[in-house]
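Heads up, what comes next is one protein chain in two forms, each shown on its own as structure tokens, labelled structure 1 and structure 2.
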Structure 1
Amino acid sequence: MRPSELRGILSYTSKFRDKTFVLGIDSEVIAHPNFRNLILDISVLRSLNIDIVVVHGASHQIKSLSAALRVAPSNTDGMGVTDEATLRLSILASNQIAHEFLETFSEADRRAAVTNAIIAHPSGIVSGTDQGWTGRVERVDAAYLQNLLAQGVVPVIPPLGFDGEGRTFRVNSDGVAQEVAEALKAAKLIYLANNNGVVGAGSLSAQFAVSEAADYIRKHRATLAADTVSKLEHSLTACRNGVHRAHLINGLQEEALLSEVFSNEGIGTMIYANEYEAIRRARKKDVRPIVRLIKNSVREEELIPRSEADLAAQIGDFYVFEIDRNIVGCVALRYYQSEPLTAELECLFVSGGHENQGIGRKLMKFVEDKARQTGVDNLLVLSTRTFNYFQQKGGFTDADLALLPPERRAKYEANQRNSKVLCKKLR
């Protein structure tokens, strides 16, 4: 890391200080050599006064123990029936994992505590089948966890729940992480799995608003791994219930956690609740506010003039950024029928009062992800005065006029703005 990168990190430290992050860590990640680095990364977050709660899975260790002890488990993922033998394996596996956490946190000079904060009841009979020792979370003892956090302790929560009679139930760790994040009003729920999150059209789908993620799951359920669907669904529920952001990242990748938290780009899939700020598709009633918004930039020749009629005709290509339901930014994505598949980022604008808060980059990244998801090869942007921004903040590079599809080339020659043509190759 270059020392100058510390400046970038500083802007996040004030944002996250005293906030809670809940980490849902898959069992494969715990068994991987990168686990030690992950604990060190957690230790870095703690030293920045970010409260961390760990919820872990156990399926990988249950499988290993079942092979070693020659006991066949009734399920390994905590999603089906749990018989008595499987419950015993789960308790053994969880104890073993808990010990690994305690040892590794000690090595990093951090205090951690294995907890019984999940109060659970039997799942009961589902579709006619008794789920045995599979439990459902009744509630999370948030006060107990907050006490530990206040003392700088990292609570470690196994995929086990307890009832008032002292019985133990097996609970799904993705679900536990979600419930804990909600109960603690966490700023982030971060799932660390053994894969990269949502991969669409050959690349990572970086950001989804809650409504988009719901749509995405509906359309792609058949092709997504069951584990990814589980994490996406629990992320959605958490974001609908007050958690600001949920992330799916690859816990086997070195520095994944720090990169996701401390960079604008992020390296996994993020789902965000659109409570206070959101990017959404523009609607007809937004035409007038958008024309008003971009008026000054048109005057300064930064943006192409657009009448209300022009904008109404193109409104389907527009996205707006809202804060407290006010439109403070916009961008458009126009597709061309061309080979290779080409799209153009147009009309990026952020209102003066909201500049330099990363909104321009969010809008730029948003349309880039959209274009990627739809298989676009070349994303173009034409700019007279802001080309530096697209190069420096968006990773666009100078391109040749020949990249313009014929219909765009004709328009380019007709308007005589002599804009610079920039391109980002998405594939």
Structure 2
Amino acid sequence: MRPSELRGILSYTSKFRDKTFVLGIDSEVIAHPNFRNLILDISVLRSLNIDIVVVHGASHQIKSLSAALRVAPSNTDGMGVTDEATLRLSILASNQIAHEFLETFSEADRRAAVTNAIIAHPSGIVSGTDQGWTGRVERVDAAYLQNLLAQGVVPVIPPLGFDGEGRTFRVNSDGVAQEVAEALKAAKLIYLANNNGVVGAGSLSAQFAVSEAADYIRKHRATLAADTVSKLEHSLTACRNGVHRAHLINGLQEEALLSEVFSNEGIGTMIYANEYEAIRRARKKDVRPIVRLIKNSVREEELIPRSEADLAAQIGDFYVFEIDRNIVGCVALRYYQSEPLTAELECLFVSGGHENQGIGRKLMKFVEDKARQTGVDNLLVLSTRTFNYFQQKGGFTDADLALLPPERRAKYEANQRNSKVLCKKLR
């Protein structure tokens, strides 16, 4: 590993330390040769004090057992009717997978425990058909899981639920992972399957706000694989119910988990909520509030002076961060016609009463993602007094004046501020 890569990982450690990630691992991933590498990657996350909870599927193993035992399952994914024979196959498959997890975690010198943390009840009769031993999650025993996590144990949750009478039900693992993530107030819900989720814009990386994800599912449901739709829908629900991020990545790919977690770009599909929902595009009525917001910083020469007329003319470039409908931060993203692969982050500011809450970093990350999505290669920022912030918090590095587009170079020379030029490579 190159030193630059290690520094990149270390920049995330404070952000994720003591947070909880819930991993929904498909049965096909467990059966793949990369499974042992995945467990090592999980061990890396644990070494950084990130709590991990694993929820696994079993359909691949159920199919293998059904062929070996010559028992035809009524379903393999925990959806639809589950007869007694399929329930027995599900229990056998889950026991087999549990052993693989415990064995592989032992090789990685990590403690794990297979749990009965899912309390379920029968799905009952749906559209006139008794669903048999198919169950629905009633609740998650979050206290039990948190106790295991506090002891450094990785809880492993099978696609099985249990009721107060000791009965076992087959439950869908995607839904279980979502319920567990919500119950534990997880920072991330990560599904590891046999693909990276949505393929968009010529790459395997796609990022959606909650509203965008809902619209994408509605428009593309007919062309997406059923298991991908399931994971997208459960990701969407989780983000609506308090989970910050949900990811779909290819668990068959080596180092996919670490690449998704420890890079801005990621390699899979991400649905985001929480702080991003507080950021919106500025409107004309926001001109005066923004001018009032930044006036002290302008007075101290941290920001370029902007009149109401100047800001009104550029309002389409601005985004604001709201708390209880009050604007507490702003940022602008300026594109250049002469250099379409270059953009500039401008006028990043957070009110004094909301400093040190991470709002500046959220605005910076939001603009960075917007620039990346529109094909920008170089994101610039010019600063006279806060360049250390952009270097330490945003990963920007010193750049040469020659990188400035001609119209920006002319403005730079005219204002005589001698700002330091910084750049971040987005691709």
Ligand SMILES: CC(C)(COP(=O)(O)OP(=O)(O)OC[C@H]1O[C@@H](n2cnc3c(N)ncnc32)[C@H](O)[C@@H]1OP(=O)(O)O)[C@@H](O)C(=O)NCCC(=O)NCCS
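By rigid core we mean the largest C-alpha set that fits within 1.5 Å across both forms. Here the structure is a predicted model, which is why all the values come from computation and not from measurement. One-based numbering along structure 1's sequence throughout.
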{"item": "Structure that is the form predicted in complex with the named molecule (1 or 2)", "value": "1"}
{"item": "C-alpha of residue 124 off by 2 Å or more between structures 1 and 2 on rigid core", "value": "no"}
{"item": "Threshold 2 Å Cα movement between structures 1 and 2 at residue 378, rigid core reference", "value": "yes"}
{"item": "Residue 362 C-alpha relocation of at least 2 Å between structures 1 and 2, rigid core basis", "value": "yes"}
{"item": "Between structures 1 and 2, C-alpha offset at residue 283 (rigid core aligned, Å)", "value": "5.9"}
{"item": "Once the two forms are fitted on their core, CA shift of residue 333 between structures 1 and 2 in Å", "value": "11.0"}
